[in-house]
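The chain below stands alone and is given in structure tokens; this is the form predicted alone.
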Amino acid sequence: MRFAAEELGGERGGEPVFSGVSFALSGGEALMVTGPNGAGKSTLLRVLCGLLPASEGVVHLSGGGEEWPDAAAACHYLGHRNAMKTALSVTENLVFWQDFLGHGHLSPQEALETVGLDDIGHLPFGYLSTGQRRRAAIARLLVSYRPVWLLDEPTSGLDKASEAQFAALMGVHLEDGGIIVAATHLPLGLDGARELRLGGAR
């Protein structure tokens, strides 16, 4: 599988925030998107997964076959917001996302065990701490399989132990032939990841 951007541009509020972004990733490869606040890191991820239109250029996904015909179908997007309903329990949220996205991977309980939240699945999501919410959102990546992970500051709110745990999960995803594009201010513990800097020299 190959995931690529060609001379990609993006806008926020009608104003250009980046242009001329190009990269190509194959299975097992990761790209760290860095740069100052306002450089367009979040906008780039949203364009890559189809949540925002590109102002210029194109996003390509090849080698996905009928199962993953385009980038939008192949991508998991983890944004600043965790995309969970606060009134539903953690498990109910994960069941919803697994049903909605299809391609079941781990069960909700298995996913929660993987992120160290196996004893709080019954609690409403709104009761959780900031770190627990982020770990539950990471569990969402595990209940349905997608080959491309687009991650926006994925370790925000995590303690050091949870950061290490997530680095291990990303490593497993790459070993399985997955692809990761992550916008981050902090090292994510991925050896060999390439870097794309926005808002400055690349």
Partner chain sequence: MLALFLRETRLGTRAGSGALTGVLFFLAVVAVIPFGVGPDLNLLARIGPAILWIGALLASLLGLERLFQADREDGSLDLLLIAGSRHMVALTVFVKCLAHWAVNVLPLVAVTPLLGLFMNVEPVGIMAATLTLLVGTPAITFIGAVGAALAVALPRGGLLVSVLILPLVIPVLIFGVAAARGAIADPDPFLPPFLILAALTLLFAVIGPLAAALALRWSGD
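These numbers were taken from a predicted model, which means no experiment stands behind them. Numbering follows the first chain given and starts at 1.
Absent from the display: the form predicted in complex with the partner chain. The rest refers to it.
- Only one of the listed residues (S107, N82, Q132, T114) places a non-hydrogen atom within 4.5 angstroms of the partner chain in the predicted bound form, and that residue is N82.
- Look at 169 to 177, 26 to 34, 44 to 52, 151 to 159: in the predicted bound form, residues with non-hydrogen atoms within 4.5 angstroms of the partner chain sit in 44 to 52.
- Shown alone here, D99 lies within 4.5 Å of the partner chain in the predicted bound form, counting heavy atoms only.
- A residue is said to contact a partner when one of its heavy atoms sits within 4.5 Å of a partner heavy atom; A72 meets this definition for the partner chain in the predicted bound form.
- Not displayed here, the partner chain is approached by L88 to within 4.5 Å at the level of heavy atoms in the predicted bound form.
- Residues from 128 to 149 that approach the partner chain in the predicted bound form with a non-hydrogen atom closer than or equal to 4.5 Å are R140, R146, in the order they occur in the chain.
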